[in-house]
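The chain that follows stands alone, in the form predicted on its own, written as structure tokens.
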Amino acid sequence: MHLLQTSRLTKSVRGREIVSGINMQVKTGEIYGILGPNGAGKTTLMRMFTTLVKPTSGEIEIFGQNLASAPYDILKRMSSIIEFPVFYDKLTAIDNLELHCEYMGFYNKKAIHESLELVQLADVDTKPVREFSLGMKQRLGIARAITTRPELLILDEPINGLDPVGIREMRNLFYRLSKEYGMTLIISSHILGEMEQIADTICVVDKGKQIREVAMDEIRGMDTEYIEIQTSDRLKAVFVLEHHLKLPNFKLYGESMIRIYDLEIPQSELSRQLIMHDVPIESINRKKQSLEEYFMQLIGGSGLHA
């Protein structure tokens, strides 16, 4: 069952499309990652999901209802952190969460303390938020988002400001929220390594356009193998591949690299033929495409961090 779906979702600002024709399908209970470089349109997408921004065209369906005509109460079933979380700095973490719960009509003090424990902030309940570090404020934002136990949790770049230990703790928390608490999470990031580790499905976006929506299990099962050749005479190598070896399935990279995807020919025979035809070979290796390479190819490598 799909908890959230979009159809041709588009947002234009002053005649320029910053999100263009996005079609997404988020399954109930999964961790759905939106991956793309800064400026790809990830935040605009999430602002549309939370009614902070109105789409120019297209539709958003959440909990089986069209978001444009759904009752306001539908927002109580979801929670979010869009961009940087803002708090009452003179108040404590608990005070901030209590005010949020009051506003949301949610009365469960036990849930407040449990949320602070989940994000490792249980020992700072008397400290005013103005004394929090950037990472602590990011954790508090997540605590506030999960206190009301939403069915859908939308997190825009949630690990910004966290150190490596904090990132690992948040990764474990997201797993728990999905598997133990049954929440559906939509998480955006430009950090490829984190998306690989936590997401069940990834939507790759760039320059406002959807490049691909794909299940991580499908990507992990690809295991694309190839033979990589480094040569100082690429033109002569290509001539040998096409006219002597009859190998059409290869791709050129840069000025000196060729990747051959037709693996029926043994690597030893490939080397022999190239040498016989005076092709200078700097290296020749059998390799397997990594997840990082796959995503870099989809998005052109621009603005993504491994």
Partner chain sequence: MLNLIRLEFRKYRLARMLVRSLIVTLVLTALFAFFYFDHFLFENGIEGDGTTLFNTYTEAFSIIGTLVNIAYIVLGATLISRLIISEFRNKTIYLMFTYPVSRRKIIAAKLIIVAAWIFIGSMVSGGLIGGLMLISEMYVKVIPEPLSAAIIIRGFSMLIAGSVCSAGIGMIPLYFGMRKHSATATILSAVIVACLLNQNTHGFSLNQFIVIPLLTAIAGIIVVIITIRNINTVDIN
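Positions refer to the first chain, counted from 1. Bear in mind the structure is a predicted one, so any value in this text is a computation, not a measurement.
There is another form of this protein, the form predicted together with its partner chain, and it is not shown here; the text below is about that form.
Practice problem: Although its partner chain is absent from this view, report whether R212 comes within 4.5 Å of it in the predicted bound form, heavy atoms only. | Solution: No, no contact at 4.5 Å.
Quiz prompt | Residue contact check: L91 to its partner chain in the predicted bound form, 4.5 Å heavy atom | solution = L91: contacts its partner chain in the predicted bound form.
Exercise. Using the partner position in the predicted bound form, report whether E102 sits within 4.5 Å of its partner chain, counting heavy atoms only.
Key: E102: yes, in contact with its partner chain in the predicted bound form.
Quiz item: Is there a heavy atom of F87 lying 4.5 Å or less from a heavy atom of its partner chain in the predicted bound form?
Solution: Although its partner chain is absent here, F87 would touch it in the predicted bound form, with heavy atoms inside 4.5 Å.
Quiz item: Does the trio V119, K137 and K179 actually contact its partner chain in the predicted bound form, every residue with a heavy atom within 4.5 Å?
Solution: No, the candidate spot makes no contact with its partner chain.
Practice problem: Mind telling me which stretch in 22-30, 273-281, 255-263, 42-50 gets its heavy atoms within 4.5 Å of its partner chain in the predicted bound form? | Solution: Careful reading of the contacts points to 42-50.
Exercise. Name the residue from T201, S80, T147, S189 that puts a heavy atom within 4.5 Å of its partner chain in the predicted bound form.
Key: Only one option qualifies, and that one is S80.
Quiz item: Even though the chain is shown alone, can you say which residues of 4-18 have a heavy atom within 4.5 Å of its partner chain in the predicted bound form?
Solution: Heavy-atom contacts to its partner chain in the predicted bound form: only K11.
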